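The chain below stands alone and is given as structure tokens, in the form predicted on its own.
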Amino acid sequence: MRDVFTFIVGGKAGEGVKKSGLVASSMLADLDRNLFQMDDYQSLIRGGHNFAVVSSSADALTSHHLLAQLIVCLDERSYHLHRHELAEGGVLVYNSDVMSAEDGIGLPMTSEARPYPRPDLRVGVASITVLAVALGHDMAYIEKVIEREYKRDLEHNVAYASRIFELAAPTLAGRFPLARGHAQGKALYGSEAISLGAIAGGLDLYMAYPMTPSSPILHYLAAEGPKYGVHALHLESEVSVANMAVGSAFAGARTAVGTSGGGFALMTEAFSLAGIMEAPVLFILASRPGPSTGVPTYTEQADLKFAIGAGHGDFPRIVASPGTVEESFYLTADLLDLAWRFQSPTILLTEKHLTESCMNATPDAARAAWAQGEMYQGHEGDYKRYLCTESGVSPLLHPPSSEVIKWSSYEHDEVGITTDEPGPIAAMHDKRQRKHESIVEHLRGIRTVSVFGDGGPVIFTYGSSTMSVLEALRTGGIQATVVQPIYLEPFPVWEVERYRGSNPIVVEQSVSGQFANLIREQTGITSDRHIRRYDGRPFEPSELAQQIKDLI
């Protein structure tokens, strides 16, 4: 049986639930255990139901588990929603000031917090105190954790935790002694890994209008970016963001933008502008359920076709999707590199389940890609921004310069002068198509597909669902070959076509099977075995393992 311990804390928005999850993760990290934290919250500032799931293991771990050994319910709604997720032999602790129950252990969390300021936020401290007691820690350890994690109003937090410790210890002390693990690296949110990958890839400017679940990237780069010479700008709209990004690239700044589906819809005209101007801009598209405003704080993979087909007209773009938090670090740097290498817009396509989840990662900045682009070296005659080359990639030059530099939003000749003549129009199309072919040739020389395992059924998946599939196989003791295309446009047909005739299982979060359809369109590989989830929630490993077994 796998050594997985899961802690769930639930309560109202405004009760410090996410902070409790973060502190729980830090406590389990003190035991060198591998971590996965998932935060679930409604699109409400106050009153909505929030909960954090923190799973840990001495062994590898790539997803959360909802079957929990310890559940702390700060309000009655949490009790009714999560009581059925209690594992055999598990313990449920509830706030006895707001509810009564026949099962579980009641603690007066609210009344004990009332002597102190902001008792509504204070109850979060009760949840991590309960966890510490259950893990067998003493009050001295809890005080160190509070000093580390709850520095504001420290004296009151310690006094409150001490009282909860006294109440919880008689029934909970040492209930769940955990083995020390051998975790590598630190726990990072996907948004942090993406931000750090962009920094390692030479990012100068990040621009965004906040939109869940991409907003944490903006927050992180605004706070941490200046240490690395990176500036984050919060502009008035997604239209402004995308257009200013193209202008920044013209000036020579390595620029990335971030948004979700609705925001990217507003950016698509400027995305086409980047296509015809051959502007190297990285677009980060962090998906949530749609269409329109959809479900703002949950996860889905229904923007795949949108990303691949965004914009009007034919022009090359690169779309890739990371399968883990660590992979998102390297892939972000790679896509910034490829944008400059091929002077084309690139898209990092990800989902809420990755950007807002936290797991162990060991990113190495020295391994991150960084490209300068093919800079203009000077030649006889006028500088030609769109010089027709064999590779389709033209020389770059940025102001200030004695040369005339012209980027055009209209079809143009090699210099950049607007034209409606058939010859130059066809020549520019041919040039951009040669660039697409150069991109394909480059991708053939790098890792475009990850393969995990050997033997058993073939399972196709991509993006954050990769984490869920790998954890499901561990949980269910299933032998399989997992095929995860990292690059989705251009699609690595040369790697995937070897699985023709395998009748793969296709796992994705799309009601229409966009990923399965992409595989069929690109390779001819068809399947009658599909596992799809599209209720806004990520796959749960135990449930997914059973679904895979049923298909096998």
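All values reported here derive from a predicted model rather than from experimental measurement. All residue numbers refer to positions in the sequence shown, first residue = 1.
Beyond what is shown, the protein has a form predicted together with a further copy of the same chain; the following relates to that form.
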{"property": "The single option of 103, 138, 166, 421 touching a further copy of the same chain in the predicted complex, heavy atom within 4.5 Å", "result": "421"}
{"property": "Answer option from 451, 387, 295, 173, heavy atom within 4.5 Å of a further copy of the same chain in the predicted complex", "result": "295"}
{"property": "Triple contact flag 146, 324 and 474 to a further copy of the same chain in the predicted complex, non-hydrogen atom at 4.5 angstroms", "result": "no"}
{"property": "a further copy of the same chain contact at residue 528 in the predicted complex, heavy atom, 4.5 Å", "result": "no"}
{"property": "Residue 520, heavy atom within 4.5 angstroms of a further copy of the same chain in the predicted complex", "result": "yes"}
{"property": "a further copy of the same chain contact at residue 107 in the predicted complex, heavy atom, 4.5 Å", "result": "no"}
{"property": "Residue 34: touches a further copy of the same chain in the predicted complex, heavy atom cutoff 4.5 angstroms", "result": "no"}
{"property": "In the predicted complex, segment of 173 to 181, 343 to 351, 301 to 309, 107 to 115 with a heavy atom within 4.5 Å of a further copy of the same chain", "result": "301 to 309"}
{"property": "Partner contacts in the predicted complex for 312 to 335 (non-hydrogen atom within 4.5 angstroms of a further copy of the same chain)", "result": "312, 313, 314, 315"}
